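Below you will find one chain, with nothing else, as structure tokens; this is the form predicted alone, and questions on how it binds or moves follow later.
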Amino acid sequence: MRGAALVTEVERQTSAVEEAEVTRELFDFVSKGLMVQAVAVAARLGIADLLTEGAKTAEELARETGAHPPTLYRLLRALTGVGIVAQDDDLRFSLAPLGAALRSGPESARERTRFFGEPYVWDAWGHLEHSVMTGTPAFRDAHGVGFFEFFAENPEAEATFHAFMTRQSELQVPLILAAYDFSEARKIVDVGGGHGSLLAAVLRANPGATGVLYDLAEVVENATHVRAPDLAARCETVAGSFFETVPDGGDCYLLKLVIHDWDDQRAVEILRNIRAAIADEGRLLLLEAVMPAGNDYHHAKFMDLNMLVLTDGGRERTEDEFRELFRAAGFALSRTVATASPLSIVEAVPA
């Protein structure tokens, strides 16, 4: 009996230790979530660029950024614990592997980091419970207006957002071109294509194709990418709303991160307009994050919550949910092509 009691006590103690470890793991997880703000501040101050040439003290960095030296030291010291910087025995800081990704350049994560640390985004995420309880946007609850409406009166916020979108596109476009063969396309219509960086890249890689960039008038007027000397003769810009109509006659229609901005009803409206315009043998390509099955972390699961927080009805979708959208709009899903980016290419053809 005594041996059995000892075994029970050992099991109880082991269980208590395991529970304490799980609790500590969750505590660390939540604490590191708050570090997003610390990393975003470092990104805004350009700390990574300032450390590119070598280690510096907090005082040196403060002189270059205008920060309060003792407080900047505290920020940097905290960032040593999450792999952004490292501190040596002389209290100098140098870039750690994660911090190197904050340096300016084509592979930089600086713009994305700044965006998710912006007060207007952070405030909206603080209203996530509102969305969960009501199904309505946290951003509108936090700020009194919708996400895109907010930019009309906050140009600096809009600039941060567009810098994030531009850098994201620069990172994704080469990976999209590597994953999908556009060589059979003759007329490519980029619907909601912004300033045309994706369409310009596709046209340069496929010199036999022509293109149409379609977006709102105030957007396409700044479409410098497709007005470059080597593209201007085979790409036109057209202004309009994809809720009303889209340019017809294309045999390849691109929509990059457009459908995820809208609920199912509005998404089907867009797709039906494309169905009315697309050539009989045409292809529709949605460049979106596709929600996977299973319990593992996936970028699409985070982005789905982000769309819940920021937009009026936006969401990420599973392949089956895309199939249903296509069916309702007169298309049939033909295949889904993964890329090395978080986006997949969801291809459909007229049904």
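We number the residues from 1 along the sequence you see. All values reported here derive from a predicted model rather than from experimental measurement.
Omitted from view is the form predicted in complex with a small molecule, to which the following refers.
Figure note: of the listed segments 209-217, 92-100, 116-124, 79-87, the one touching the small molecule in the predicted bound form, with heavy atoms no more than 4.5 Å away, is 209-217. Though the small molecule is absent from this view, in the predicted bound form it lies within 4.5 Å of a heavy atom of just one residue from 258, 75, 177, 223, which is 258. With a 4.5 Å cutoff on heavy atoms, residue 249 does not count as touching the small molecule in the predicted bound form; it lies far away. Residue 240 belongs to the set of residues with a heavy atom inside 4.5 Å of the small molecule in the predicted bound form.
Taking non-hydrogen atoms only, residue 162 approaches the small molecule to within 4.5 angstroms in the predicted bound form. When contacts are judged by a 4.5 Å heavy atom cut-off, residue 131 does not count as touching the small molecule in the predicted bound form.
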